[in-house]
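In the block that follows, a single chain appears as structure tokens, in the form predicted alone.
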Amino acid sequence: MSNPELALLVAVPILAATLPLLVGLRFDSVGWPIATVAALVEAGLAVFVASRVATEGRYVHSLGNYPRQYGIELVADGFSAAVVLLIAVVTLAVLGYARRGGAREKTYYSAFLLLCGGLMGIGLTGDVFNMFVFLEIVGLATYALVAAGRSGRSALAALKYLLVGTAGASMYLVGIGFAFVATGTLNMAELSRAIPETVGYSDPLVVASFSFVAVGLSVKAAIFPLHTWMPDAYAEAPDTVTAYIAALVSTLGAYALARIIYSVYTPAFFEAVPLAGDALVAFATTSIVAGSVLAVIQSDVKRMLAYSSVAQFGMIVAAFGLGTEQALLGGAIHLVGHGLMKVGLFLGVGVIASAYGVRTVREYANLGYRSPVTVAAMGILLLGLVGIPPSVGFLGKWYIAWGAIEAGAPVVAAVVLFSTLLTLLYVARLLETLYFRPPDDVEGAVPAADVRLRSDGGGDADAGTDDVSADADAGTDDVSADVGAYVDVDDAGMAEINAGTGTRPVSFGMVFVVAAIAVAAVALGFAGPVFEGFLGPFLEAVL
């Protein structure tokens, strides 16, 4: 049966990626409008696919109508539909922020759309080789976007990611090569039947195949100690790039691992080779502890959030390795919830950096009162990251801990609790700095007399600035603050600050995106029954 909407989800952004380059030969500033139109189309298609999965269940699209042994299938079920919705929502959120706070280069939006298409391909493919193809598309686009910072550090971070990511993709390719040699097929559904019927789960080729695939995808998911590319990539990339890759790239790496485990090897593999499941859970549990500890000692906010992702993805992969219904449900919920929370947090960091030019925890002193909406939204998302109810972060962790107890792995449940306490430690430190630490005695902090952004719910400029002049033509007020930053505030509430590196806008839309994501993260905390109903058929099919 032909279901072209699945193919369109992959094809639309990839084809649209060519348009900024082609149309840009004639017109300027076409990247953002083209990307936004493509993202709106993607969002409509994603909603259609999700609604169809909810009413009809799993369905497939065969490209070219070839037999599945030789052809390419795209598959929509509860898990893939949830991931596709996440990609569509995050894409729209980042583009909404990028309208004033993002890059203007046409090449940037071409790479952005290419990355979106690759992510959609990973979410929908039913073929292990085509998953490799889409992983490579995602990798190439991500390398280019990380390097878009145009500094030596961003170029080095992109090169590091290139080397580590290529090694991970190569290991994945070797693993699926072993699976193909053992079974003669690359289709996931066919592999799940051919492995036990042809060679058996304990065959050395199958065990080696799983080992290479698991390690390769653990690189993509940034599981400790294979995470080394992540902190530099997150810290040195432009803010919109960091938000997008933090929310989706490793998320789809963890999704790909779960999809391979349950759609190819199946839980019966762990029963036949228990060491494989135990090793996966052990490494993931180590990642939870290591990521949390490393996050606690960071001073740079983006690096702190990067290391927290190492811990959170460790938790997700551990849930997938446990193999119980509650753990798998919790892993899927936390996968979606973490992606949503991280895009909001990194966009919030971008707002603060654009407005005040600060990046470290101590430089955030007292900013909660000058950017009240952004900081409040970040506070909600940070508490969701801890797992404070009723956030989606609490919902995911609750199911994971429940699944760990159900699987007879209380150590995993204890590590989840310990990680939650460590997360609370660095979140509390950041919130204490934002709301309760005076800035006057902190080197590099924004002085208390600095401007409050109207676009972020603040008032007019505080007293104590050196110079205020009216610009009748532009309708702006220019404020020269003690720190040498120049602020332009127009009638619509826009604020622009030049901190010596170029003017960056902070608009109402940028703040609104961060606030809306915070509201969504809380709303999803009440959606446990919705997740159970939507993912229930998938769980029944794979367990």
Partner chain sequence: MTALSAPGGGSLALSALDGVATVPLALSALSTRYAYATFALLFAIGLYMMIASPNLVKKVIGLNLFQSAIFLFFVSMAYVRGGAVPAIPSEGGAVGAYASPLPQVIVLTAIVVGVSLTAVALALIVRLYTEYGTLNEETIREVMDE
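Please read these numbers as outputs of a predicted model, since none were measured by experiment. Numbering follows the first chain given and starts at 1.
As for the form predicted in complex with its partner chain, it is not shown, yet the points below apply to it.
Open item on the list: Only one of these stretches, 250-258, 166-174, 83-91, 317-325, has heavy atoms within 4.5 Å of its partner chain in the predicted complex; which one is it?
Closed with: Single hit among the candidates: 166-174.
- [ ] Could you confirm whether residue 294 comes within 4.5 Å of its partner chain in the predicted complex, counting heavy atoms only?
- [x] Because no heavy atom of residue 294 falls inside 4.5 Å of its partner chain in the predicted complex, the answer is no.
Open item on the list: Can you work out whether residue 70 and its partner chain are in contact in the predicted complex, taking contact to mean some heavy atom pair no more than 4.5 Å apart?
Closed with: Flag for residue 70 set to yes.
Open item on the list: Can you tell me whether residue 151 touches its partner chain? I mean in the predicted complex, with a 4.5 angstroms heavy atom cut-off.
Closed with: Looking in the predicted complex, residue contacts with its partner chain include residue 151, since a heavy atom lies within 4.5 Å.
Task: Distance check, residue 200 to its partner chain in the predicted complex, heavy atom within 4.5 Å - done: Because no heavy atom of residue 200 falls inside 4.5 Å of its partner chain in the predicted complex, the answer is no.
Task: Heavy atom within 4.5 Å of its partner chain in the predicted complex - residue from 111, 375, 412, 158 - done: Of the candidates 111, 375, 412, 158, 158 is the one lying within 4.5 Å of its partner chain in the predicted complex.
Task: Heavy atom within 4.5 Å of its partner chain in the predicted complex - the one residue of 215, 358, 140, 189 that qualifies - done: The residue from 215, 358, 140, 189 that makes the contact is 140.
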